[in-house]
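First comes one chain, alone, set out as structure tokens in the form predicted alone.
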């Protein structure tokens, strides 16, 4: 087994032993079990509400885990002096950073799929209690779930980048939260400044907003919840664009994380 695979395995074991993770996962599972009961309060859109609650619960768990794991991965090793012993081995810093991200990505992928599978019977029970005129397009649910998983991986990569720079836990944690909020609203802001209200704004302001829009992650590209809830068609070109955009953006962030960590002086 290669050093990269061994390091991924070690990081995965560390993640799975985290008690905070167990507590958050347990809370999300309890919330998913309550989906049929909570959705029954909507007399007309039980199925739609059940799908929305299930996807939102999974998305929230993936978001919290991405921020926590990405923010604490490198910081924890530096704080506990683990990097001193690990990096003295015949192991490059590039391998170390990429293995960290790979372990987080595998965990997010696995838990996302597991929670998605668990939500299927819960959504089916809720939908059967009050049949809807709209069918459940399970393919749309899979696309929406994959979009949430991809979004969480992107956020984890951003948190990992900030963790490779910072000497404390607070900058990567709160920085990731701010980037998530900005990335979630960036598409709406861009559409606003390029719409009919563009004449009321100074051209320099518009240029600045467009420049910031290009730098910030466009998290709206991974949001397919509306299509999953209301069984709307999803063009293949839109999915392909999301995959390409997410892959390129994550790759660029990881390159920056590797470059910054390689130049970092570890005490």
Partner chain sequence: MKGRLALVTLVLAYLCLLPGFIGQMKERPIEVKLGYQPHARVIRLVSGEFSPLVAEMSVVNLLFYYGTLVDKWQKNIIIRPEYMNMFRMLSTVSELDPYNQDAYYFAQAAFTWELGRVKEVNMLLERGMQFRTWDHWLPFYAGFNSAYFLKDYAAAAKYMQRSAELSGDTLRTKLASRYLYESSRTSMALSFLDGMIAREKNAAVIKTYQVRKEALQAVDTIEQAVLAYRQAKGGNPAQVSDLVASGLIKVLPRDPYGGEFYLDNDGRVRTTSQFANPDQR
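Residue numbers count along the first chain shown, from 1. Model, not experiment: these values are computed from the prediction.
Keep in mind that the form predicted in complex with the partner chain is missing from the display, and what follows is about it.
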Partner-facing stretch of 181-189, 103-111, 123-131, 168-176, counted where any non-hydrogen atom is within 4.5 angstroms of the partner chain in the model of the complex: 181-189
Joint contact, 75, 145 and 160 to the partner chain in the model of the complex, by non-hydrogen atom at 4.5 Å: no
Sole residue of 38, 220, 206, 33 within 4.5 Å of the partner chain in the model of the complex, by heavy atom: 220
is_contact(residue 232, the partner chain) in the model of the complex, heavy atom dist at most 4.5 Å: yes
Touches the partner chain in the model of the complex: residue 23 (any heavy atom, 4.5 Å): no
Residue contact check: residue 216 to the partner chain in the model of the complex, 4.5 Å heavy atom: yes
4.5 angstroms heavy atom contact with the partner chain in the model of the complex for residue 241: yes
Stretch 238-263 - residues with a heavy atom within 4.5 Å of the partner chain in the model of the complex: 238, 241, 242, 244, 245, 248, 249, 251, 252, 255, 256, 259, 263
